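The chain below stands alone and is given in structure tokens; this is the form predicted on its own.
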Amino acid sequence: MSDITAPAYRTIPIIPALKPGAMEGKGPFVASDKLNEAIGFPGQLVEDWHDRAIARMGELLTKYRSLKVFMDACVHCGACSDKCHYFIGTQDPKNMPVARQDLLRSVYRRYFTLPGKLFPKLVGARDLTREVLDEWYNYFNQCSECRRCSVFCPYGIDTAEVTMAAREILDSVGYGQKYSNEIIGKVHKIGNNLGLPGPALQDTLEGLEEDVKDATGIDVRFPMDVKGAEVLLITPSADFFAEPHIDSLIGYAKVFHATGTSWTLSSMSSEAGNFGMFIGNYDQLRAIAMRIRQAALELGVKRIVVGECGHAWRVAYSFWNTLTGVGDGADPNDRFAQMLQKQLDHRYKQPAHICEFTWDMIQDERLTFDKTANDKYIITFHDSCNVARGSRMGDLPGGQFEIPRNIIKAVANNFVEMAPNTTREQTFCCGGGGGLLTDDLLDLRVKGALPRMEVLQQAVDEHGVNFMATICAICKAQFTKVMPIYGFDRRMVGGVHQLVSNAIQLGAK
């Protein structure tokens, strides 16, 4: 890490000078045979990888009509070119969203379009060679699937879906990424991304009860596997031990305590995150989500609430209904989905984000706060990309932007916004999402954080900001790692419910 330095802030935030090949060969570690086979992929690159890759691309083009549209629709207008944090930070032209897409699009044209089959050079079509496959692995693992470029695309091309398709093809031929595939294997085997077994999780929760008792004098419970509880909390496993994540878990527990809400965690399904989305594999996405359905049915809960995790909320909001039967759209032929539909209380949103739950309680005047407890902070808010561009909260458009900010304003006196073209739907990614939060990609992560760090520095200089709140486990982990490299205190980042925890007034409920 000592040889990794932060790129210089730009004097004027314009398109950077190009550095072709700057990130060539800097992709992540490749998954081992054992990791790949554990989740059903070939152990290593198969001998007939070329034919399998083309066949898998054809299957995806048939299954997802949107992918074919994205392959055909791009007119190379350049609107997306300077919107990617990785291109801004690395200056590698292949990290322009359009150029990264073209790595896949050129092969699509060669094998799935008539002009590409007849006149490949005239239409930018390429044969799929081993060099092209390596290029895919390198650059599609330098995309965090944040979708910021898609906001600016006049045709609405979803670069994240293109990246997911490329990674799905790579996995199908035994060329998977170590970090993501290892995490998926842990969830299947143990129930969470970190591989925390049930007894260790129970010890952690008991320790938190003691810590909160010492700090407040009040018995706040952190229950696990309680049948008949009203709420099943599904939260990122980082909340169980990492800083600052654990402070938000304490905040959730205090909210449930103060409102008299019975709740529980699940030892079998102790993970909100779902890396199946990052690798674009529907089977993995569903298998991980099904653990949550199983936990909900076994515990008999009435509500499912998701903790502070950006991509977890996108999966819950956008996919759980058809994957598992949580929410509207459950498969009428899926007996267990229908059982869950009957069990859940549909007076409430299913699923709900913890911010929705807390904001509802604030509006119902069921929570009391001492806002001066956060007076040492001048707070800003970082919109996490999967929440901002892949979900909603509340009943109104833009609720995913307003509700977290409303909670902050309810528990603190000092809140300021960062530059308007870098927040809400135009927010910059933290630089570590999409399955890239691994130290073998730390140089990329540091460079990808550049646009957000520039804007944070501006907020520090102009407003004295000393705390950046966010509602994403990956953002918290990424920022605590890269902020010191940019000269910030790692403790400047934390969760919205960390602020809630500081200010909440507890009773004896």
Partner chain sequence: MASIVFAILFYLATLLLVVGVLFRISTYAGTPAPLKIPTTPAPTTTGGVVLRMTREVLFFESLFKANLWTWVLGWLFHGSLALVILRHLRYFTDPVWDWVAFIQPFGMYAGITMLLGLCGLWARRLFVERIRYISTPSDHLMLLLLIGIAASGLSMKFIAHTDVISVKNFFIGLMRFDIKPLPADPLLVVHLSLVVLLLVVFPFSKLLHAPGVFFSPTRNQKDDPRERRHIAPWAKSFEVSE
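Numbering follows the first chain given and starts at 1. Computed from a prediction, not measured in an experiment: that's the story for all the values here.
In what follows, reference is made to the form predicted together with its partner chain, a form of this protein that is not presented.
Note that among 64 to 72, 469 to 477, 26 to 34, 47 to 55, the stretch whose heavy atoms approach its partner chain to within 4.5 Å in the predicted bound form is 64 to 72. The contact residue chosen from 358, 400, 141, 192 relative to its partner chain in the predicted bound form is 400, the criterion being a non-hydrogen atom within 4.5 angstroms. This chain is displayed alone, yet in the predicted bound form one of 352, 408, 132, 212 has a heavy atom within 4.5 Å of its partner chain; that residue is 352. Contact here is defined as any heavy atom lying within 4.5 Å of its partner chain in the predicted bound form, and by that definition not a single one of 363, 404 and 422 is a contact residue. Its partner chain in the predicted bound form is approached by residue 152, whose closest heavy atom lies within 4.5 angstroms of it. Contact annotation: residue 227 falls outside 4.5 Å of its partner chain in the predicted bound form, judged by heavy atom distances. Taking the partner from the other structure, its partner chain in the predicted bound form has no heavy atom within 4.5 Å of any heavy atom of residue 427. By the criterion of a heavy atom within 4.5 Å, residue 207 is excluded from the residues contacting its partner chain in the predicted bound form. Residues of 68 to 107 lying near its partner chain in the predicted bound form, listed in sequence order, are 68, 69, 70, 72, 73, 74, 75, 76, 77, 78, 79, 81, 82, 83, 87, 93, 94, 96, 98, 99, 102, the criterion being any heavy atom within 4.5 Å.
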